[in-house]
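Shown here is one chain on its own, the form predicted alone, set out as structure tokens.
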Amino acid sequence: MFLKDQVALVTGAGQGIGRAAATALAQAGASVAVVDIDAALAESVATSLAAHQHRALAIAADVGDVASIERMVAGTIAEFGRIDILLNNAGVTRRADIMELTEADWDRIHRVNAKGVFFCLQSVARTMIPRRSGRIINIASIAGKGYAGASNAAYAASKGAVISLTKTAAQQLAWANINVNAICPGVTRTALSEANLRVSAQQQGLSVAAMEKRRAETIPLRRANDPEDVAAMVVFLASPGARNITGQSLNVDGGLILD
């Protein structure tokens, strides 16, 4: 229970990586603010955590809206007193070729994946600075490092922005003893990625099972991530063992990208 007495705020925590990370942080001892745009999903996760004697708070918030972010942060502090760990996980995408993307696609993706990450980081950091302590973990993607299998170019650009933001934020918040790192998942079994898999299978005239087999064969370790694989890295970066790691973008991808 090395995160005992710590408070974590997890965005996009209703399913996938966010749900797995919220669960793993709670199991490590943290109290968790479970944030999702879908109030029912957030409540479901918080209820599940509470059933296992973990302190949890469900918050419905739209991270693309700054006023909603501010209410999210205020609500967490009102309940738990502070925020020690921020996991910026909320994200959106869709499978599309570069010539198919629209202005609406660009705005929707960057509103959540880039703008949302920045203003969540800024709002939470504002509460961490007076205490001279904090861990901020951003979920980026190997798509932001040039992975050819990215769902689309706008998504790749948004995740590249997260990687760059992580480096600059780490430099500018280090004086306040705030660590800022990014995790770059590769292929991960989530509702979002499975929806993209079904689109790819349809486009290529394959069954979903055949497409999944083909996808696994491109990964050196021959397996896609489970959300728990990414959650394990989240817990490590939140732990005392990662106290001197900052400004890094760490891949969890089975060897797809080597850097």
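Note that residue numbering begins at 1 and tracks the sequence as displayed. Since this is a predicted model, take the numbers as computed values, not measurements.
Although it is not shown, the form predicted in complex with a small molecule is what the next lines describe.
Highlighted residues 150, 160 and 247: none comes within 4.5 Å of the small molecule in the model of the complex, counting any heavy atom. Of the listed positions (121, 85, 112, 156), a single one reaches within 4.5 angstroms of the small molecule by any non-hydrogen atom in the model of the complex, namely 112.
Residue-level contacts in the model of the complex: of 211, 66, 57, 37, one residue has a heavy atom within 4.5 Å of the small molecule, and it is 37. Look at 133 to 141, 174 to 182, 75 to 83, 98 to 106: in the model of the complex, residues with non-hydrogen atoms within 4.5 angstroms of the small molecule sit in 133 to 141.
Put simply, residue 92 is close to the small molecule in the model of the complex: some heavy atom of it is within 4.5 Å. Contact between residue 188 and the small molecule in the model of the complex is found at the 4.5 Å heavy atom cutoff. Put simply, residue 193 is close to the small molecule in the model of the complex: some heavy atom of it is within 4.5 Å. Within 4.5 Å of some heavy atom of the small molecule in the model of the complex lies at least one heavy atom of residue 17.
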